[in-house]
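Next up: just one chain, as structure tokens, the form predicted alone.
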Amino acid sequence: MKSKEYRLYLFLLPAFIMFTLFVFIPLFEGVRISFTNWNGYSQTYRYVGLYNYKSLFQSKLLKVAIVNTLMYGIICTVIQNVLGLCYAVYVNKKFALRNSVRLFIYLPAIVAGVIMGYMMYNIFQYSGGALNDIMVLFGAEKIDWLGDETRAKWIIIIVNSIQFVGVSMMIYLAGLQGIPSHLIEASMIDGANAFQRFIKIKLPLLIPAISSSFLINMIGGLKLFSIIFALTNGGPGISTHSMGTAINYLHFANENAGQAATAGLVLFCLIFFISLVMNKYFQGKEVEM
């Protein structure tokens, strides 16, 4: 029996090796670099202790990036899940071209984030942007959509939410289709209307789907990089930076790989803590069928 169990553990060896090569080693290397003054290019560097941590936590960039990262993560998650659930309830019904509607909603999710970002940039840019060209055509003044801090942040949120709302829709659709039909039929016999059936039966049984969707969307929102990079590159100034774009800015623009590694560890801890709290919360909400 022990020999059989030993052979079964061998099947885990390839996954463990891959995880070590692409997760553990880069993580430990990132921790090591965070204690150096390496510029990302030079063959030489020296250890500077906690200097990178001290200077980063005193910088305005980190404060802006953390606030924006939380804002992108929370607001995008809420929008994606509310719209995703509404879409799932709609496309779960039988109607003509139902599969085409599902594909249309999910299609943006298969587009690379940087491509989606540049597509949207060609719509919102001040000179030559499609939206401003249409406004000028109707006699209106051009608007610098991405030049205003608040407006630029909301454009980033809306673009990211629209791109990945299809992921939430598919998760909720799978959850809805997994609800036993006899529970719905029994509630209809008891006289429950559609709203009561959704609140009292479907929604509690969708907790595993809600948990998965919230976690996926939240992690994606907290790691948001490519759409911001393509639309604003953190501008105007540093006002729209997320932690992802701040890491890129510190490494390549400032040539400070040590501080970039420090910011990467801050982002890792932020995602880990929020994911842990969310997972613990939703575990307590699950119900037995």
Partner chain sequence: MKKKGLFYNLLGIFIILFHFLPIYITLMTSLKQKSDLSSRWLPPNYLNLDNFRFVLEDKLFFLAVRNTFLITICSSIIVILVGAMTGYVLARKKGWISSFMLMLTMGVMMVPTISLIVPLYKVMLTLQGINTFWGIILLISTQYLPISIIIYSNFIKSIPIDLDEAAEIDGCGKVSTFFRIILPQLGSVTTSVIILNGVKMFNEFVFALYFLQTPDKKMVTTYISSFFSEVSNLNVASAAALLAILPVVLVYLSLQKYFIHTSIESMGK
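Positions refer to the first chain, counted from 1. Note that the structure is a prediction, hence the values are computed from the model and not measured. The term rigid core refers to the most C-alpha atoms you can superpose between the two forms while keeping them within 1.5 Å.
We do not show the form predicted together with the partner chain, though everything after this point is about it.
Annotation: in the predicted bound form, residues Met18, Tyr87 and Ala174 each come within 4.5 Å of the partner chain through at least one heavy atom.
Contact annotation: of the candidates Val136, Leu97, Ala186, Ile199, the single residue with a non-hydrogen atom within 4.5 angstroms of the partner chain in the predicted bound form is Leu97.
Of the residues given (Ile123, Ile179, Ile75, Ala192), Ile123 alone sits with a heavy atom within 4.5 Å of the partner chain in the predicted bound form. Although the partner is absent here, Gly30 is a contact residue: one of its heavy atoms lies within 4.5 angstroms of the partner chain in the predicted bound form.
Among residues of the shown chain, Gly237 is not one whose heavy atoms approach the partner chain to within 4.5 Å in the predicted bound form.
Put simply, Gly244 is close to the partner chain in the predicted bound form: some heavy atom of it is within 4.5 Å. The closest heavy atom approach of Gly147 to the partner chain in the predicted bound form falls outside 4.5 Å. Contact residues in stretch 78 to 106 (any heavy atom within 4.5 Å of the partner chain, taken in the predicted bound form) are Tyr87, Tyr90, Lys93, Phe95, Ala96, Leu97, Ser100, Val101, Arg102, Leu103, Phe104, Ile105, Tyr106. A movement of the C-alpha atom of Phe22 reaching 2 angstroms or beyond is seen between this form and the one not shown when the two forms are aligned on their rigid core. The two forms, fitted on the rigid core, differ between this form and the one not shown by less than 2 Å at the CA of Phe272.
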